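As structure tokens, the next two blocks hold two forms of the same chain, structure 1 and structure 2.
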Structure 1
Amino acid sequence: MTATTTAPVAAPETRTPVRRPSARLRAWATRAPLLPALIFMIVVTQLPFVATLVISFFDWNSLYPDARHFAGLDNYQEVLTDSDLRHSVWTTVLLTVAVVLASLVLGLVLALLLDRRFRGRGIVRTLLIAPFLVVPVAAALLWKHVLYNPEYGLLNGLLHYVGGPQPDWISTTPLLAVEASLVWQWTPFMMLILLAGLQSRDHEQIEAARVDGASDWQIFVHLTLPHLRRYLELGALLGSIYIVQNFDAVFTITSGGLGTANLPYTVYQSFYQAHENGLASAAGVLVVIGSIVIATFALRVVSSLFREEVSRA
């Protein structure tokens, strides 16, 4: 290497560059298995987003394609000042926070119960997982028609026996109706993650604390909860990613009516029904910005999980 003074760049083929290309080759060989997946993801997810970004600066109704023109930030201004859209931002926040919190708390209670030995524990776990395994549209139909129906739904049917009122659930409490169905679907998911967390606890440490006279409550607050923290965070993070994007329940139960339209539904509606491509894109970009806020937090959580994994390896 040191003996050669001529630059290899000038005449790479005259030298016998056995070592260098092989090193480069090896570098590529390590990366090559990664490339198909990477290129696929960039083409299928990043390119469309860039296109969305570009479209968001145009005034473009697909019914009047000839009237398409550059509109600068007009779409964003319209989206941000449109009261329906602002409302759907608020709905998205409410829906996500309520569903994630409620299903986390319920999931924690169920996980704590299932962490104990009792007769038929396997059967109860299977019963509890079931709601998560029903196709989301089917689950939403189940709630809409079979449970909520004011005339023959199961909820009012059961209320009939106790002589309670017979409300029309979807029209009196529309957002709550959507949230309840989502909590039902997502609680099992939270339970599964938290149960995995509970089962990875150090039982010797718990025994030791118990021998030292700690009460169940003290053990829960000082040992179990801190241990569960990253599992709670993981559940909240994954739940948020999916519920922020929820379309199925809103679309099926209320069709976005009665103030339940969240951002994904609104975007869907503004281009699929109103054909406002520019506006829909601007709203879509805003959804992304909102998601980045969650994602920044989320990636920090994931990276801390990840670092732990690396340090274990």
Structure 2
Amino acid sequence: MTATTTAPVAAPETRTPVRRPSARLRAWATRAPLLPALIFMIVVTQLPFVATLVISFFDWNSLYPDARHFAGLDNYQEVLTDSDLRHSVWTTVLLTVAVVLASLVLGLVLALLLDRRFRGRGIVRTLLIAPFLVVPVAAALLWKHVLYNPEYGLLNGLLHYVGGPQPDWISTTPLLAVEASLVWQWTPFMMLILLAGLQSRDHEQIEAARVDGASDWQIFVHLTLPHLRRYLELGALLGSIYIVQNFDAVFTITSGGLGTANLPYTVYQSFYQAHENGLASAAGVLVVIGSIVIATFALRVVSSLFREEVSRA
């Protein structure tokens, strides 16, 4: 008899299931590198704003710190009812509207010119962008001394050459002097936005309109302007955000005198000259709220532009 031997059967291997990280854990792992920047932004921007918001509810003069007390909404009421502060709000609105509208019109004209092909277009574009790259204080000093000065300014020099009068531009037209310097600086910004809009037009549609006999004016009114509507809105909103908060031109050219004090300059006066911390904080909070409202509309316009570009692609 022969004995039969059977080979031992290997036991099946048991594999431990691999646990995959949950979706929430993956999301946190993706966002973790951004946490330092987020914490930095909160510390730098949000905590000072919260402190300003708290101070705005106090009657707080830094010259009399012991007399500090809770005042509720009295500071906001004073900002909205005081004649000087109301005038600064009106000046801010007038300055913003005038500068934005003038910059948009001039920017549109320059964008239409740069949209055409001609020799040296790159050099011209660079020169037209240059005013936007100048430091705001330096730009204001340039206009104040190089152009507006009644004794050696360029404007009076040109008028003297043709036998014209020699006005003191800042004294006679103070708000217009501030507006002109801001328009000069913000026109290139509007030009860049509108030039980007012009270069995203459907050129086949324009050529079809030309074949049908449409004039340049009809193409501009019925095709170009409707296409630029979103870009005009974006330029107006972004320009308004920055010009509402403008301080450099007013401080440098007129020092807030002659009826040119806008709300940011009034905040400066209330805080650094009158030492009214609570009143200045209330005015600053109103400026921030106005900027947030404008920025909200700007973000909506930007998102709609992105959606339109994605749909075209």
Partner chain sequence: MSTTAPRAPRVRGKGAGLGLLAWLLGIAFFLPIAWMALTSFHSEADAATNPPSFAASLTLDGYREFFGAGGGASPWPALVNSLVASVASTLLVLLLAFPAAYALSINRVRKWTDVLFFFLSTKMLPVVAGLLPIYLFAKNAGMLDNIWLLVILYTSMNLPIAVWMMQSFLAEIPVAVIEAARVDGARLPTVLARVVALISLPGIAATALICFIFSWNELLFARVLTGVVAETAPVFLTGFITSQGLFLAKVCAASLVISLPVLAAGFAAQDKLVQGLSLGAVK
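If you superpose the two forms and keep the largest set of C-alpha atoms that fall within 1.5 Å, you have the rigid core. Because the structure is a prediction, the values reported are computed rather than measured. Please note that residue numbering is based on structure 1, beginning with 1 at the start of its sequence.
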Looking at the two shown chains, say which is the form predicted together with its partner chain. 1
G72 C-alpha moves between the two structures by 2 Å or more, core aligned: yes
With the core lined up, does the C-alpha of L286 move 2 Å or more between the two structures? yes
Answer yes if the CA of T252 moves 2 Å or more between the two structures after aligning the rigid core, and no otherwise. no
After superposing on the rigid core, how much does the Cα of P33 shift between the two structures, in Å? 4.5
Core superposed, what is the CA shift for Q46 between the two structures, in angstrom? 3.1
